[in-house]
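The chain below stands alone, shown as structure tokens; this is the form predicted alone.
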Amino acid sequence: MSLTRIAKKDLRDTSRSRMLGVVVVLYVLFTAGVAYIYTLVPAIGPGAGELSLELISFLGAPIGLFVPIIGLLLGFNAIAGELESGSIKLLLSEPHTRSDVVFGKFVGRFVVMTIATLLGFIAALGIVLTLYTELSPVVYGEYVLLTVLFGGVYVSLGIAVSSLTRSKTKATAGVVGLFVVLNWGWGLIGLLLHRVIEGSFIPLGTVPAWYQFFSQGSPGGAFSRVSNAMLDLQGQAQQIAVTADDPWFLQWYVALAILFIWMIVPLAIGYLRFQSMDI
């Protein structure tokens, strides 16, 4: 199958480049470093609570920042780089369709992201277990899978931006802008909407359901919502508690669906643009 061939080729090419080594090393050092800092916090020390919940809660915010950077770095050059160099013509001269190229590159780079994530969490687990002897493998494993999905979202976004541009420079500018909007601008937009609709910048009293839904509408917000539901904690990003009595659109499974939408829709848009592009 052409898609599989392209995915394998992209994985091999990425493996031969410095990118894979840099991504894996950065991710492992990052998660291991955060895990080590976790063991040094006196309030969290051994016996402070269930290890899985405490550690995952500690990892949540840094991962919410670092994973998007890695995912976008893996994806931004996938199509734009080949368009700029002209090697895309050679690739398409073989029996590959444009859908094979887009989705094959996503699969190949998603595998790289998954490998980096697994190695990072294994390193973190190894460091923490030197001081702790108990761990819920189910909770930890679920969080690892959620992080893999979260990374896949940003690989998809990076490839989508790459498919919309013809040069690495424009693709770089695109992913930087996307990162700023999704990770920092989303909350600001929410506050501005709250000002227009509710009359105040800072949510006071009972937070409107629409604002809670908007807050979990970004990839980071949806990731935080699902992880907080998994850990049975209050929302980290907006400090908003969501209970089973709240509207269905505020439940964790909606946030999980939002993550899948963020992974599928941008990739589809990138494919449609690449399909119509005159190469």
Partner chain sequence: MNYYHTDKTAAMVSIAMRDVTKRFGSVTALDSLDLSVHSGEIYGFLGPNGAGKSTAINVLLDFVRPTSGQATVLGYDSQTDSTEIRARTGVLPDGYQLYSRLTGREHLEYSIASRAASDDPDAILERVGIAEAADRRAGGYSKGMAQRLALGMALVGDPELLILDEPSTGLDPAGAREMRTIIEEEAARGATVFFSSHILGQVEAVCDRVGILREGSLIAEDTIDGLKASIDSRSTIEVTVENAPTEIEREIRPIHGVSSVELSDSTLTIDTTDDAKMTVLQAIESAGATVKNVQTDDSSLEELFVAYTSDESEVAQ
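Note that this is a predicted model, so its numbers are computed, not measured. Numbering follows the first chain given and starts at 1.
Keep in mind the form predicted together with the partner chain is missing from the figure; the text below concerns it.
Stretch 96-104 is the contacting one of 118-126, 181-189, 138-146, 96-104, since its residues have non-hydrogen atoms within 4.5 Å of the partner chain in the predicted bound form. Contact annotation: residue 90 falls within 4.5 Å of the partner chain in the predicted bound form, judged by heavy atom distances. In the predicted bound form, the partner chain sits within 4.5 Å of a heavy atom of residue 86. In the predicted bound form, 275, 276, 277, 278, 279 are the residues of 257-279 with at least one heavy atom within 4.5 Å of the partner chain, listed from first to last.
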